[in-house]
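As a starting point, one isolated chain is supplied in structure tokens, in the form predicted on its own.
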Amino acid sequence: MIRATEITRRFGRVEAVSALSFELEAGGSVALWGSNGAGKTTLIRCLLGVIRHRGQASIGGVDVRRHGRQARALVGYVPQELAFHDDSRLGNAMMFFARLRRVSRHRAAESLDAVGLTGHERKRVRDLSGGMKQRLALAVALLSNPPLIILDEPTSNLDAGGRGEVVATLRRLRADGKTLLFASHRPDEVIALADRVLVMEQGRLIRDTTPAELWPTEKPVQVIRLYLTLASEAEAADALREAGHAVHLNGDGLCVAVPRDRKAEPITALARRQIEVRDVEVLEDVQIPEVKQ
């Protein structure tokens, strides 16, 4: 479904994506994992053909640079930042996008039903929960019934309930045969949705792996934040990745996703490299939401 070969994108002297290659088969699901600024969003924009890049990318065999509109017709895209008119009613918002996509009212109703929003058409957008707004964006992405769905941090601004709603909806779409590519920094989403994980850092693909290899346990996964000196964070991240841990930098410490019974392992790995941890914060348990039939 997606074939990317040596994708490279520079912004001035900064190489946001560097010679990155991967393939995603139809019906599969790939997560993009990495620190803020790792290049995940830039890669998505390259794959959509909306920014210039070197290398080659195709969707469904269609070259995204030569035939961008045709390639994007195969994609339902859900951005990180949503843009709906707050005073509009959900049903009216859906019909507005249906007219833009030139699809029927029946197809709009099917899309709402696919994300579990049937019956909420009279609600105003401003009154929707975060999870419902994100599902509305997903319904818009599904209007043309695309085989591929691309999402950029689909639950980054949601509470636990909203995250569970969105992840459960995406799991149902996967079961219906949709292909997924999504950026995420949450291990529960990756475990629940992805067959493979592309670990990115500073624009480079540093690991092509699976959720089971990143978190080899059936126990719940916890996210812990390690506080170090600023000079040590990059070195610490490299040391933890070499030890097999899933790491990302978020500008306020170094976040590591670990099984709940192995929280001390990152600290031990850093101690071997004589990197001192000033403080540790356990952020949360991350659970895998069940799919409601």
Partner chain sequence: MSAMTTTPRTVTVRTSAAGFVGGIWHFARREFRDAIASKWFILYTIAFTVLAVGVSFLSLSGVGSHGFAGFGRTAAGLLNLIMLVVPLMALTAGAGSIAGERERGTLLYLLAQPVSRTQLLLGKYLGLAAALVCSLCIGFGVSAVVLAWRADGVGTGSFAMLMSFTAMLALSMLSLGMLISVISRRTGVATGVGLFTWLTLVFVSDLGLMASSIIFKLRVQEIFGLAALNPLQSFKMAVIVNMNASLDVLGPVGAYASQTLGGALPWLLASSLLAWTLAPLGLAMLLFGRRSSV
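Definition used throughout: the rigid core is the maximal C-alpha set that superposes within 1.5 Å between two forms. Positions refer to the first chain, counted from 1. Since we're looking at a predicted model, the values are computed, not measured.
The next section is about a form of this same protein that is not shown, the form predicted together with its partner chain.
The closest non-hydrogen atom of residue 212 lies beyond 4.5 Å of its partner chain in the predicted complex. Among heavy atoms of residue 243, none comes within 4.5 Å of its partner chain in the predicted complex.
Proximity of residue 179 to its partner chain in the predicted complex falls outside the 4.5 Å heavy atom cutoff. Shown alone here, residue 26 lies farther than 4.5 Å from its partner chain in the predicted complex, counting heavy atoms only. Only one of 166, 197, 151, 200 lies close to its partner chain in the predicted complex, with a heavy atom inside 4.5 Å, and it is 166. Contact check at 4.5 Å (heavy atoms) against its partner chain in the predicted complex: none of 204, 260 and 271 pass. Residues of just one listed stretch (42-50, 261-269, 27-35, 232-240) have heavy atoms within 4.5 Å of its partner chain in the predicted complex: 42-50. Within 4.5 angstroms of its partner chain in the predicted complex, the stretch 144-175 places a non-hydrogen atom from each of 145, 147, 165, 166, 169, 172, 173, taken in sequence order. Core-superposed comparison between this form and the one not shown: the C-alpha position of residue 168 differs by less than 2 Å. For residue 147, the Cα coordinates differ by under 2 angstroms between this form and the one not shown after the core has been superposed. Relative to the superposed rigid core, residue 178 undergoes a CA displacement smaller than 2 Å between this form and the one not shown.
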